[in-house]
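Okay, so here's just one chain, in C-alpha cells, the form predicted on its own.
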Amino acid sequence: MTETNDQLWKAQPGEPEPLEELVKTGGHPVGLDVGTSKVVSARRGGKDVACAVQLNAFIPVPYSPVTERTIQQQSEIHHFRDGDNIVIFGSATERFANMFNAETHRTMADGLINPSEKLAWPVLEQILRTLVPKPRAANEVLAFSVPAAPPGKEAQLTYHEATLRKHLQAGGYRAMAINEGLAVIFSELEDHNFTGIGVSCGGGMCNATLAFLSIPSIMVSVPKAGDFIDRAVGEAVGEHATRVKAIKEEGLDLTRAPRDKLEKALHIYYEDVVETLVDTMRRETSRAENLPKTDRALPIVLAGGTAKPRGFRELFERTLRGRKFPVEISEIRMAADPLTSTARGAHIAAMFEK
C-alpha cells in the first residue's frame, strides 16, 4: 500500500476528528437499530450519545376492565387494547411470559417484519413510538438499520425497508437505511477510517460487512442467531425458548465447561452458529470479484446481543483461525457496547448526512 493510502487508513495525529467536528455543527440526528430481539435508538444527549432499548416482543392477555385498569396504573408496562385482548409489548413482555409460562410473540423473524404475525406491524409501530422522539426540525435525519438480504428473501427485505422508511418519514424525519454490519464499522472503526469487518450477531440473524474507507465490498447475512439458539436449546431440553433466553442472558460463560444439560446445549448451538457464520464469511469473501487489494491486515469487530456472553470472542477467533480465511486479520475484538453498537453507528451515519 502506498504512503498516501497509509494516510487514508488511519486518522492523523493533530488533525480534527471528523465526528467531533460534526457534533459541533448542531442538529439532532437519530440512529435506530431495528433488531429482531431488541430495538435500540441513539441520539445526542448533551456531549454524549444517549441510547434507549425496548424488547421487540409482545404477548396478548385476556381483556377485562379490572386487568386493563390495573395495567394502566403501571407506567412501565406498555400496552394497547386489541378486541378481546390487551397486548403487552416492549420490555415488560418477558415478565408476563414467565408469569404465565408462555412464549412471547415477535414482530420480526430472521431480521425482517414477521409475515406470520397479524399484529407484527401494529406492535412494531407502537415500539418505535416509545423510542423515536418527534424531530426538532423539519427533515431531521434518522438512519435505521437493515440486514443484508437473506438468500431467497430479497423481496421481503424490500418490503421491510420500505415500510420502516415510510413510517419514519410520516413522523417528519428524512429516513435513510444503513446496512447493519456497516453500522458496526461506523461505530467501532473510526480509528481505522471505517475500514475492516463489522459483525452484528442479533436475535434473528448474524450480519457481516467488509468495508474499505466506509465503502462496503461484501455484505452477508446468516439466518442463525440468538433466536435459533433459544429455540434449538428449548427443543433439546424441553424448555420454553423465552426461559432459555433468560438463562442465557443471566450469565452464560462459554469459557467454562457446561454444568448441566441446558448449558451443554447452549455451547453446542453457539458453536453451530459461529461455524455457520465464519464459513459463510469465508465463502463469500473468497468469491468476491471486486475486493480492493491491500497488504494491510483488517480488524474484525463483534457486536450484537448474541455476542455478549463471556467467551464469544474467543470462540469466534478460534473458529476463524481454524479455517483459511482469504483476508489477513489483524485483530478480533468486541464492540465497546455490543448491544448499542449498531444504533450508535446508525447515529454516526445520520450525522454525516445532515
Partner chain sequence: MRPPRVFGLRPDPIAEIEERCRTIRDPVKKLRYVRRSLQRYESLDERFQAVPLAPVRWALYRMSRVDRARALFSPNPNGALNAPPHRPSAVAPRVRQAANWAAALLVVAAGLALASYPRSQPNDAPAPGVTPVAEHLPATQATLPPRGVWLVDSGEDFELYSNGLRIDTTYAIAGEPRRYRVFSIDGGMEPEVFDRPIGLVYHTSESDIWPLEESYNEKLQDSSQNLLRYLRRRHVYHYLIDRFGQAFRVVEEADRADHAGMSIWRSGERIWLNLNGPTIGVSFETRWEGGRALPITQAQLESGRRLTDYLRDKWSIAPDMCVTHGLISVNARRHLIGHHVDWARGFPFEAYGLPDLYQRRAPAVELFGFGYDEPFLEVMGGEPWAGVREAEDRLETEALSTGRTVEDVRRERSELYDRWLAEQTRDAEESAERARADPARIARGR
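Residue numbers count along the first chain shown, from 1. Because the structure is a prediction, the values reported are computed rather than measured.
In what follows, reference is made to the form predicted in complex with its partner chain, a form of this protein that is not presented.
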{"item": "Answer option from Ala246, Ala102, Leu213, Ala236, heavy atom within 4.5 Å of its partner chain in the model of the complex", "value": "Leu213"}
{"item": "Answer option from Met219, Val87, Ile77, Val132, heavy atom within 4.5 Å of its partner chain in the model of the complex", "value": "Met219"}
{"item": "Interface stretch in the model of the complex with its partner chain - options 33 to 41, 292 to 300, 58 to 66, 307 to 315, non-hydrogen atom within 4.5 Å", "value": "292 to 300"}
{"item": "4.5 Å heavy atom contact, Thr93 to its partner chain in the model of the complex", "value": "no"}
{"item": "Its partner chain contact at Ile71 in the model of the complex, heavy atom, 4.5 Å", "value": "no"}
{"item": "4.5 Å heavy atom contact, Ala177 and its partner chain in the model of the complex", "value": "yes"}
{"item": "is_contact(Thr276, its partner chain) in the model of the complex, heavy atom dist at most 4.5 Å", "value": "no"}
{"item": "Within 4.5 Å of its partner chain in the model of the complex, all of Val146, Glu154 and Glu284 (non-hydrogen atom)", "value": "yes"}
